[in-house]
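Okay, here we've got a single chain as structure tokens, the form predicted on its own, with questions on binding and movement later.
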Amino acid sequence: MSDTEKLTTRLERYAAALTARDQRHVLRFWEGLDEPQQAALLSDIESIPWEIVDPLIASHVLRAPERTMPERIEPAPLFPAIPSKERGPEYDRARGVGRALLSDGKVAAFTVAGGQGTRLGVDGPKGCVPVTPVGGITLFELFAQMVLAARKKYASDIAWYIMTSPDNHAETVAFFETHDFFGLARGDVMFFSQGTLPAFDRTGKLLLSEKHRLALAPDGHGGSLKALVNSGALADMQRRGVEVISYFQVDNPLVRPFDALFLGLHAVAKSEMSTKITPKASDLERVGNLCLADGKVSMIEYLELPEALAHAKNDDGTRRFDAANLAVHLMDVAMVERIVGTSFELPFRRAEKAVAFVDERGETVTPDAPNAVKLEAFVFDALPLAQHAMLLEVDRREEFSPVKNASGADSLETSHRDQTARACRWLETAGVDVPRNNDGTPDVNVCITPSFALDAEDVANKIKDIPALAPGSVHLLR
């Protein structure tokens, strides 16, 4: 069968499915396309999971689904960042359990890295952005150093799984190849692309981004669980004997993917999914709130948490709902297999976005206001599906300073400040004299790379390798 005949056969099959759904308009430019373009369009159509999309058009595209609030919203129990004297031995035992999990190869790192660096002024994957205050080390190299350091520290073959997007997959792989995988064995790093779903106009019609391409969008970070299964990554983890997935997003250089305490508490509590939280900066901080919703640990978006609850206080004046989501999770491999397995159980959410599209005349329209509906799943919606979920409070200054914006909050400037501040705290804990300005800020620029130390304890063990810090000096410890 010739290529043309194959295209004709595929066209007949998909045209019938489109016609039955009143979506045949996406073929309106077919006759003017060359064979590669026709093949590309058919591949886009073929990628549509109609069994998921058909009901969502009715429930999420043609109308906004009603958000039903839980009957009972309560603060969720958590492990505090600093344990009481009575709980200290419990934390010590948990650290031992976590170290054993790492040493036994039961933990894998999983980075969600589908984003582009557009908002940072970088044309390429966000993981390729240099983010350290000294040395210009990229996010991907930082995480690679974390994996290498953990492998050495725990004498374990820790694997790293990286979820890209269709927009940045090839560039991400090429970046690693150019840098020889930053010293990691290629067989221990697995890349796979996030799934996509089509964008629709408000009447439920598929949109074209080009005459020969559907307007497709990533299916949300919740789609990462489905991608783990579809890519074979979950099967690879099972083959390696991995039991716990350490999930983190690509934009946070302070993340600690191999936190023995977090891993140990997760195991001791028999949790299927665990999440790090931090106290909110304010009552109405624009972060997700980890709560108990009808008895299940759940994440409630800041816009959905009733304002009275957001302002509610305990008897001692502290904030009653004070658990901010950091998007740092542990998930059991068995749980992911159960909730994704044969069907995808995470709920989809509706997002109205401005999406460029090709109109019926073949002209590209770039709207300046939302004109389309995208469907997204969110990984935190797996929490109430876990048979048991656990929360660990951490110090935001120690573990969270994302790089999202070119300036202002969550920018390179604020992350550089926070990385330097953490490095100086670690040095002072180890007994190093850190020069400081009158306002208490460090009068030194220091970057402690993961290859030098994963935590303050590692710094203390390398005190002999740390030079004296003169005021105004710059140091890269690696």
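Note that this is a predicted model, so its numbers are computed, not measured. Quick note: we count residues from 1 along the sequence shown, nothing fancier. Note that the rigid core is defined as the largest set of C-alphas that superpose within 1.5 Å between two forms.
One more form of this protein, predicted together with uridine 5'-triphosphate (UTP), exists but is not displayed; see below.
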| item | value |
| --- | --- |
| Candidate stretches 199-207, 308-316, 229-237, 250-258 - the one whose heavy atoms come within 4.5 Å of uridine 5'-triphosphate (UTP) in the predicted bound form | 250-258 |
| Contact check for Ser156, Lys270 and Asp332 against uridine 5'-triphosphate (UTP) in the predicted bound form, heavy atom at 4.5 Å | no |
| Partner-contacting position among Arg151, Lys280, Lys106, His221 - heavy atom within 4.5 Å of uridine 5'-triphosphate (UTP) in the predicted bound form | His221 |
| Answer option from Lys404, Lys296, Lys211, Arg350, heavy atom within 4.5 Å of uridine 5'-triphosphate (UTP) in the predicted bound form | Lys404 |
| Heavy atom of Gln116 within 4.5 Å of uridine 5'-triphosphate (UTP) in the predicted bound form | yes |
| 4.5 Å heavy atom contact, Leu225 and uridine 5'-triphosphate (UTP) in the predicted bound form | no |
| Proximity of Gln145 to uridine 5'-triphosphate (UTP) in the predicted bound form, heavy atoms at 4.5 Å | no |
| Contact test in the predicted bound form: Gln194 vs uridine 5'-triphosphate (UTP), heavy atoms, 4.5 Å | yes |
| Sequence-ordered residues of 149-174 touching uridine 5'-triphosphate (UTP) in the predicted bound form, heavy atom within 4.5 Å | Met163 |
| Displaced residue check between this form and the one not shown: Lys353, CA, 2 Å or over, core reference | yes |
| CA-CA separation of Pro130 and Gln116, closer or farther in the predicted bound form than in the form shown [shift of 3 angstroms or more] | farther |
| Direction of the Cα shift between Cys128 and Gly117 in the predicted bound form, where the change is 3 Å or more | farther |
